[in-house]
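Shown here is one chain on its own, the form predicted on its own, set out as structure tokens.
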């Protein structure tokens, strides 16, 4: 028996700001839950389950989602918390609908890292006996990954700076990330050194924000929208916990997740017209694009000038990384670009890839394929 088809019916997100000082978690969540139903032809009464993604560590209290159930519209409904990026919550929801156990699902992811110390958040995830005591965290892991990638493939710091500047410009154009001034290559290179060779602007910038997506069965999708975006493949994989035991210069879990998603979608190769990917740094964005198969090893920088694939047209995660929601934002962005290509200056794309990641040094990966 084949699985039922599942589509993205609607999506929305708040602005992704460095600090949403005038709003609490419930304000951000309530805003997207209210907005996602506008024009969708559905109400909260139609929703069979609510799956949400956030972090107790970032929120600073245990079982923090219980304080947000009202804002999520989850009272008297099936609700589950996924302590991973929101793209994993979407994977859980798609699986439930595909099995025939539900017809409509609401997926929510949120983050307010401005109220936390993100270094402590990441260091809490590393190996506790040898790495944590010496202060190893996501910055050190990203620096090591960048050094190896650049040494292996001859990619220079100026090229990484150019990538960062392009991503910030794209985010500013998309108007979902407030940007006072797009950093130039010189600005990127001269910003504070974080973990050589990476500067502060070469790392993803933690931002506050929330995102919501409505998923529906084929019957619901055909009844409520003229442009359903079908989720045709999904894959996820996790690398070894200890950073030192992973294969140097590679993101093996990303490769495995992508291959799994492509196999389920029936794709013989990654021929997506749109790619929305997550990354902890400019160097790992290139590594992700190559691990997915959109470029050969060391050649992903060339995608900046390739008009065949729209890569991170939203700006991606470098200018805006709402930790725990970044991957679900990628799914929302990719589905909107497929559904409304003219708004993004795209010419009738039919396929897309959305990617999410988690952990120190991008330990875990999740990949979706989308089609219209």
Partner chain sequence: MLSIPDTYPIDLKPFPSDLSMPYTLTPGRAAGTFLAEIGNKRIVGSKFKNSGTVAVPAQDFCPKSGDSEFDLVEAPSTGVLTAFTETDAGLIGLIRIDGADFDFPHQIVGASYGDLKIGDRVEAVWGDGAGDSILAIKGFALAPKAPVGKIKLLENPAKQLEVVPYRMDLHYEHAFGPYYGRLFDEIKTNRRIMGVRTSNGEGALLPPRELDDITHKKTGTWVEVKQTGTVRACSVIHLQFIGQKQPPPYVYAEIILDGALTRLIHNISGIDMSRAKELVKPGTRVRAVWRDSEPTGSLADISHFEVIDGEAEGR
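Residue numbers count along the first chain shown, from 1. Model, not experiment: these values are computed from the prediction.
FYI, the form predicted in complex with the partner chain isn't displayed, but the following is about it.
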Looking at heavy atoms inside 4.5 Å, which stretch does the partner chain contact in the predicted bound form, given the options 288-296, 217-225, 178-186, 118-126?
118-126
Answer with yes or no whether residue 136 is in contact with the partner chain in the predicted bound form, where contact means some heavy atom within 4.5 Å.
yes
Using heavy atoms and a 4.5 Å limit, would one call residue 28 a contact residue for the partner chain in the predicted bound form?
yes
Under a 4.5 Å heavy atom criterion, is residue 173 part of the interface with the partner chain in the predicted bound form?
no
For residue 321, is any heavy atom within 4.5 Å of the partner chain in the predicted bound form, or not?
no
Partner-free chain; cross-checking the partner chain in the predicted bound form, the single residue of 253, 94, 275, 72 with a heavy atom within 4.5 Å is 72
Only hit among 144, 161, 229, 236 for heavy atom within 4.5 Å of the partner chain in the predicted bound form is 144
Quick check: do 24, 34 and 112 each get a heavy atom within 4.5 Å of the partner chain in the predicted bound form?
yes
Going by the partner chain in the predicted bound form, which residues of 213-249 come within 4.5 Å of it through any heavy atom?
240, 243, 244, 245
